[in-house]
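Have a look below at one chain only, the form predicted on its own, in structure tokens format.
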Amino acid sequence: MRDRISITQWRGLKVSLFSLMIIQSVEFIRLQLPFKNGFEHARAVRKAGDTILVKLTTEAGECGWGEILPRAYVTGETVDAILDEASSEPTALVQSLSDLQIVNQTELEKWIDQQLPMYQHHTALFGGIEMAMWDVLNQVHGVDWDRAIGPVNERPLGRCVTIGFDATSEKLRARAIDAKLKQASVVKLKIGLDDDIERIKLLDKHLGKLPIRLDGNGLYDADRIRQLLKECARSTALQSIEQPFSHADNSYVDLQQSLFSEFNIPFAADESVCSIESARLWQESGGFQIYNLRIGKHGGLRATRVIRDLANDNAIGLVGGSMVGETGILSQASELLLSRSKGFDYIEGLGQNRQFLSLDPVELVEGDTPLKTFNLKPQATAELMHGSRTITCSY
């Protein structure tokens, strides 16, 4: 079912966006995307993706696309909360467009820099709007991507393959073989089970010398992580540990620094670094040695670039890629950023949603720029929008 909600109190607002271009409407399209196979880790069991596509339409007919992929345990946002607010009254972010007059890239960057600090706790929402605006600007005036993100990095990046809870001990050998066939340069293992140490050692045996990253999704405690490091730090090809402790608890900063000094295994921040503000705080405290970057959680392309540059300037390692369940819109933005970045040794998850999604709801429109625009596939309405909503904010 497709439920279209008109926001009558928003009608009449005219937005001067880009030279002589008027935004006619902003649409928030909720899609529930079934997976071919489920994916499980310590925080969630996923059998489908739940995402919001943002569609900006101009009076001249250009359509700019963005994507909001909120995770309550990551950015604190949910799909329902974003849509409920949008369907009841104009959000401050969308209202800010009413006074916006952007005629070039400089003006768009200025607006992003002004607005972003107000959305440090709503980074998924802001990133979806920002992405759609870059898309429209790219179509109307073009974008200097060397300036916006950086020049193309010619150095090839390695590949990280992720193994979730679905891979029991009996399946680890097959998953290790699969990672080797995919020419992985590192394997990421989701942890949080009673037999984690056994799984790590078994995977290490099957992988040979291929490095292993661990991801705890914030559900470990001090005693458990110390025991894991004692058992695995010097006897396996353990490379790093991502987010073992809850991002809501800052008391583990000293512990992580102590464990890093003792075992020389770096800690990677995922849920702990979503905003520019949090990235700066962790850089000052030295609690993490690696940042895991995802455009969908940082507030868009410009914010992710700021965090990337902050990490590079302060010798903080970087990991980047895509989020499980995202569409081609977010994936393309990730590929664009990673192709123009330094500091990444490998990427994780890019292309993984071809494995997970039964149907990617968007299709590329051919173009000759690094950022291609999209259309919603005709079959997306029938197959993916059952029980979802399309909220149209008309000006």
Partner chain sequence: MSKQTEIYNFIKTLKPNVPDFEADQNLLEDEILDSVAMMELVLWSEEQYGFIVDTDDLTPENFATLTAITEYVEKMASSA
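The structure displayed is predicted, hence computed values, not measured ones. Residue numbers count along the first chain shown, from 1.
There is another form of this protein, the form predicted together with its partner chain, and it is not shown here; the text below is about that form.
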* Asked: At the 4.5 Å heavy atom threshold, is residue 181 in contact with its partner chain in the predicted complex?
  -> yes
* Would residue 269 count as a contact of its partner chain in the predicted complex, using a 4.5 angstroms cut-off between non-hydrogen atoms? -> no
* Consider residue 207 of the chain shown here, and say whether it contacts its partner chain in the predicted complex, taking contact as heavy atoms within 4.5 Å. => yes
* With a 4.5 Å heavy atom cut-off, would you call residue 315 a contact of its partner chain in the predicted complex? -> no
* Asked: Exactly one stretch in 236-244, 194-202, 77-85, 167-175 has heavy atoms within 4.5 Å of its partner chain in the predicted complex; which is it?
  -> 167-175
